[in-house]
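Below sits a lone chain in structure tokens, taken as the form predicted alone.
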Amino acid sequence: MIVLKFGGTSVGNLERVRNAAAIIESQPMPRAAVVSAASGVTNLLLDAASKAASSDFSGMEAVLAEIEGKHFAVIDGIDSPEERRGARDVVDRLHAELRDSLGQASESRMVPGALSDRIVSIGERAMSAIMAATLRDRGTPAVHLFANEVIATDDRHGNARPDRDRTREQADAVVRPHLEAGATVVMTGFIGGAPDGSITTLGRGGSDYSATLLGAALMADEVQIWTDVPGVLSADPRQVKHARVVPQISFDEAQELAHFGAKVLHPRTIRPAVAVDIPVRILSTFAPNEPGTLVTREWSGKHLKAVTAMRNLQLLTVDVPELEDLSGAAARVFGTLYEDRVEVVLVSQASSRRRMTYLIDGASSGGCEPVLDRLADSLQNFDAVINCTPDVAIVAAVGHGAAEQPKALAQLLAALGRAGVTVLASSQQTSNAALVAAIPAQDADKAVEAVHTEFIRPLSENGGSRRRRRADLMGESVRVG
């Protein structure tokens, strides 16, 4: 059982939809595909909603025309008149639903969460119907399903949390019969269904998340994330010219990379696969014969595999006069940050100096001033000294077991020093898969390049041998567990 997920760039036009269909057909049965909206459509839907709420009807109509044009350009490329007509009927109904939802936004002059989710879901729902029709047009039995009937969530619109037990039950009831009948299932990504039946969305990285949730519910042999990059790279190629694909990483390493800013995977994406030990493969629709990156529970080699940076952070330090005050003050700090929904990225504590250091998300905090004001109130009984440094980044070097090596952190700090990068804080823990250093945000690109050069040799230094083709690797069984 294979679950394939295709991002917006992979289904952005007629040619890419056909390429994705060919990739789906190349996989063994049973199989299910999870599709995003065509590239740009989600932003257009949000724009249409904004224009409707502000009564900009001419602007709204222009956006709707662009959305409809994108969908019908693909539908018109379906050869079979019957399949073309069927796809157009489904998409016409979705466009009518969109207009009705935009009418509600116009009347209320606002777009509440539930209405916004219903509007943005149109892109995924349309593409699932178009992809299924494309497959049938090519002679492959296929059905489309809307994920609000499969992925069960709570009622937090815009960033819903999945209910995995209900999802498993619904996947068995809704998806599995089609698979057992020999059909390829094409399901929408990004969306789910609340207990009251309303459509929800899973937030950033939601389509990848949908794929691993479905894979876990169906106990798939593998989940494949098809995207516009050839796999997990050792660094952002815009920062490091000799960055290369990492052939295999562990679940822990993938989560560390995602947490510290790598764009290939959202941190939540891996969790359902980890829970049931399903491998995840990252592949490119533009280089389908390349092996990509395999993400499994196992890890190989005590070396650093990739370097990434996370920006827009603030460095918060809290000093208390007495050692016994540390626990109480820490509880107040965490409580205050939680109440304000400020994301804590990294925490360290130096008992000898009675200091706690927090790296927090600058976007969710609103800047240093409000954080300092709130913590001053919370810690007024501790006589604490609180400081906040804005415009901070984290550079993270990821590789399971690397943190166990005594020289690794010293080597990282030395590389940053030679590059002229000031280190504001650093961390090395043997239980983690990453070495991290907090640095001025303006030095992030320079830091990533310096650390990558220090720990990860250019491909030419490794002998320049060609990686095995994906067709060869896929011929081997994938070990699970």
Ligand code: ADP
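None of these values were measured; they are calculated from a predicted model. For every residue, the number given is its place in the sequence shown, counted from 1.
One more form of this protein should be noted, the form predicted together with this ligand, which is absent from this view; the next part is about it.
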inquiry  = Tell me which stretch of 133-141, 381-389, 106-114, 223-231 has a heavy atom within 4.5 angstroms of this ligand in the predicted complex.
reply    = 223-231
note = As a check of understanding, the residue in L145, A262, V240, L316 with any heavy atom within 4.5 Å of this ligand in the predicted complex should be identified as A262
query = Do E256 and this ligand come within 4.5 Å of each other in the predicted complex, heavy atoms counted?
reply = no
Distance check, L294 to this ligand in the predicted complex, heavy atom within 4.5 Å = no
ask   = Heavy atom to heavy atom, is T9 within 4.5 Å of this ligand in the predicted complex?
value = yes
inquiry  = Just checking whether L102 would be counted as a contact of this ligand in the predicted complex - the rule being heavy atoms within 4.5 angstroms.
reply    = no
Residues within 4.5 Å of this ligand in the predicted complex, restricted to 67-86 and counted by heavy atom = none
